[in-house]
Structures are given as structure tokens and as C-alpha cells.
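Shown next as C-alpha cells: one chain only, the form predicted alone.
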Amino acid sequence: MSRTRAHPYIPNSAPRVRAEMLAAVGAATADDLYASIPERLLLGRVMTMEPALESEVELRRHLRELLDRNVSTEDRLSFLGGGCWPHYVPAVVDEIVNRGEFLTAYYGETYADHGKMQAFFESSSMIGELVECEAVSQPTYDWASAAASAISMAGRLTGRSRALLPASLCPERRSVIDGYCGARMRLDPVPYDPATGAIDLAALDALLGDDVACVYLENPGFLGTIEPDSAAICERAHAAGALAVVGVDPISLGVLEAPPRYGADIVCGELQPLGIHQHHGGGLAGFIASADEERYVGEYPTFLVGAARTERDEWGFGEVRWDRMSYVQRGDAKEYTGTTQCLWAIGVAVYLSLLGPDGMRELGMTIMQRSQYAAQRLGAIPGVRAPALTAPFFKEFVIDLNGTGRTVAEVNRSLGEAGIHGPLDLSRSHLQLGQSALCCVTEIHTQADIDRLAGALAAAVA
């Protein structure tokens, strides 16, 4: 239904201006602009909306009521992971990220925001040291978008149109990859061994061919397992003329090998564990990394920040190969890039500079020790099998509840009543695992926390 009066917050809504705009495009009413949309997709009635709020205080109260419905992982003990994990964020990270010169004007230009550009460069440099790659992108929306772009890059680099992905992949991540790459690439799942969680090498061999652009694997994988055949998978990809794209949780790299050491050509992953809060399920940021070679750098869709000596013999920081981006190429660009998660790059820089190599190693050892203890405690509960998969794991592991006669949903309801966010339910996304769940244990979980989970779980399945 066409609007007949002006609205203070909607531009060009004055009747005279609307009439002029409609006349310019040859339309009698605004409804004519939607004539090409099939009738079955139209609502066909005026939308039912709540009455307008009349003051700022009412709006503030309304938003607070909505936010209060959220059950924070800080308000109750949480063992929920699967893509956004409970990690500790040092206070100094928040202090620096929230400084006015960083928090505002999220992405400045080379000369106007020299300090911020340097912060972005330092962040990429430290991520590069961690993943042992020379070129690192500015943050993408999340791991899923980074993986989708990395797979697209592999398609352009090889001129091939098929990618192989683990069937155990996070369903949300797979959905983003499908939506982004599916129109131009065929995406084939590689089965995994339900006993180990590892990629089935025989199945991989059967799927490889001269049309495969890349093999994508994750380490650790979505089910928490550390892929025992990572080097063999990369070797098989290279033997078929394909690239190896590896997704990684970077907080694991204090104890696990960097992906290029076992053959990764392109590395991507999620930065949230490195100093980013779980902002109502958000606070995510992905990255892409590779060797600093023109063939790779020329395919990055994202911002790259580099350093160079100025005429005054000082270090200057700014965008690298700006000409390749959609900001210049527009409709002719290989991929589109827009607003990203640049603020989180600064938080990651602060976090990594605080921990350093020794801190990352100690942190990784702490997480592995606590997750191992949790698996032992939960596996001792009658009817519960933990870890359910035999491959080694880092901070997440699968719990098999099939022997308890209870569903994961029932168990998690009981844990919720005990003030605990239970593990992630896998019963719908990974059917072959039955009533199983993904438990996350990080450096924030004390022995008492894990013992509390074990006690509550034992009560839930009794």
C-alpha cells in the first residue's frame, strides 16, 4: 500500500517528491515497482506491526527487555562450542579496542588513519607468524565466509570447478559455502569414519579427479578431532593437481603444527578465540592466509595491508594491490568485498602480543589437559561414551549418549535446570552418530567446573 504522508526518518517520502520519482521511472504507484514479483511471494495485506514507540526511554526499555531474554554464557557455566567458543578475553584487549581512535571510523584511509593501518598490519603479521604464512587478509565476516572465499580462490587459481569438503563439516559453515560457491562450483562431501571422525582416505581417492580445484579440510575438525592424515590428504590433493585448503582454529597452533608444514596452500579459520567476546552469538571474524606470491595475492577479494618505506625513510602502512578489489573493479571484480570485521583485527593483535609464542603454547597445553580430564570424567558415567571418536582431539570432543536411553535434548534440558549450558546437539546434523553431542572445554573451565558438569550429567541420565 502506498504511503500518503511524509515520514521524518524515511528520505524522499514527501508526497510531491515521491510523485516526481515515480514519474521519472514511468510508474503510477510504488506498488508498480514490484510488478515482476510473483503473486505467490507477495504478502497481499498490510503488515501487522506493533504500535510505534513514542519516546527514546520507551525504545531503550523495549530493547533492554529483548536483550534480557538472552541467557549469557557468563551468567551460567557453558560447555557449548561448535563455532563460537567460551574463551577468556584479557581486560587490556577491551581497553584498547574501545579506545576512540580504534572504535570509531571502522576502516580509515592510508593517510587519514595511519595508526589504525599500522594496527591492522601488526595484526596480520602476528596471525601470519601463527599460521606460518606471509600474506594474511583483513578479517572476513567469519570462518564460513573465509572458507568460501578460499575455495573460490582455489577455483580461479586452478581453473577447475569442483571442490571436496569433509562430510563432517559444521552445517552452518557448509550452508554458507554452498550459498557462496554453489553457483560456480560443484561441492562434493567426503565421507568420514564414524569411529574416528577422520576423513575416509579411500573415499577421498575415489572422488579426486582432474576437475577438482581443492580439497578442503579442517584441523581440528568440527567434531573436535585432529585429522591424523592431514599430510596424506594434502599430498593426494597435490598429486591430482588440486590445492589443499585448510581451515584451522588458531588457538590450537601453540601445540599443533601450522597447516603449511603438512602441505596447506591456503589457510583460513576463525579469529574469535583470540580475544573476541561471544557477543550474543556473534563476535566472529575469519581470515585467509597464503604464501606472499602474486598468483595468490592477486586472487584475494579482501583488504590486504602492507608496509613500505616512505620518502622520509619512515614506515608507511596502507592497502596492498588495491586495484584487484571490487572497490576498483566493481562489476568486473573476481569477488565482492564490503564491510568486514576490521575492529576485531585490533583485538587479535593485542591478544597475540600479550601471549606471545610461550603463552600460546601454555594455553594450548592447558586446554588439551582440561579437555582430556573432562572426557575421562564424562566417559566414566554409566551409559555415556566419551570421547566417542578415537582420533585425538583438542578442545572439543563428541559425547555418545545412545547408551543412556535419553536424547541430547532431554539431557540438555536437565543441565539447563542445573544452571549449565549443555554441549551442542549433533543428533540432527550428524545422523550417523545418533544421540551424540559436542562438548567444548577451554582454559576458562576449572576442575570444579568439569566435576560439576559430570555430576549434573550423571543425574540427567540416571
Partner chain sequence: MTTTTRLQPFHQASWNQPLVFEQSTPGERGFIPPASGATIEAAVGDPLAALPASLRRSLPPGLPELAQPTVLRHYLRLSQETLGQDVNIGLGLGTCTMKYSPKVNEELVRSHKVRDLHPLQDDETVQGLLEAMHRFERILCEISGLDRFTFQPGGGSQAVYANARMIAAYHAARGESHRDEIITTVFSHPCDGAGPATAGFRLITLHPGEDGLPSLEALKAAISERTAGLMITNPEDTGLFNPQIDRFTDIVHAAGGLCHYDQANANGILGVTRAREAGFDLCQFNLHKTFSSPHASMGMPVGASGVTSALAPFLPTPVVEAADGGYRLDYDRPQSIGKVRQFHGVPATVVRSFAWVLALGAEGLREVAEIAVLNNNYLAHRLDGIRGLEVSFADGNDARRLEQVRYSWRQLNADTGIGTIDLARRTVDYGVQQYFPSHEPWLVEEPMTLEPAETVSRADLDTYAEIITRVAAEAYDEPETIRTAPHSSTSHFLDAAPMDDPERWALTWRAWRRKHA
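Numbering follows the first chain given and starts at 1. Quick caveat: nothing in here was measured; it's all calculated off a predicted structure. The term rigid core refers to the most C-alpha atoms you can superpose between the two forms while keeping them within 1.5 Å.
Just so you know, the form predicted together with the partner chain exists too; it's not on screen, but the next bit is about it.
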| query | finding |
| --- | --- |
| Any non-hydrogen atom of Asp193 within 4.5 angstroms of the partner chain in the predicted bound form | no |
| Contact flag, Ser161 vs the partner chain in the predicted bound form, heavy atom cut 4.5 Å | no |
| Contact label in the predicted bound form: Pro189 to the partner chain, heavy atom within 4.5 Å | no |
| Touches the partner chain in the predicted bound form: Asp211 (any heavy atom, 4.5 Å) | no |
| Contact segment among 235-243, 161-169, 116-124, 203-211, judged by heavy atoms lying within 4.5 Å of the partner chain in the predicted bound form | 116-124 |
| In the predicted bound form: members of 129-162 within 4.5 Å of the partner chain, any heavy atom | Glu129, Leu130, Glu132, Cys133, Glu134, Ala135, Val136, Tyr141, Asp142, Trp143, Ala144 |
| Cα displacement of Glu417 between the shown form and the other one reaching 2 Å, rigid core superposed | no |
| Glu20 C-alpha moves between the shown form and the other one by 2 Å or more, core aligned | yes |
| Core fit, then Pro51 C-alpha moves 2 Å or more between the shown form and the other one | yes |
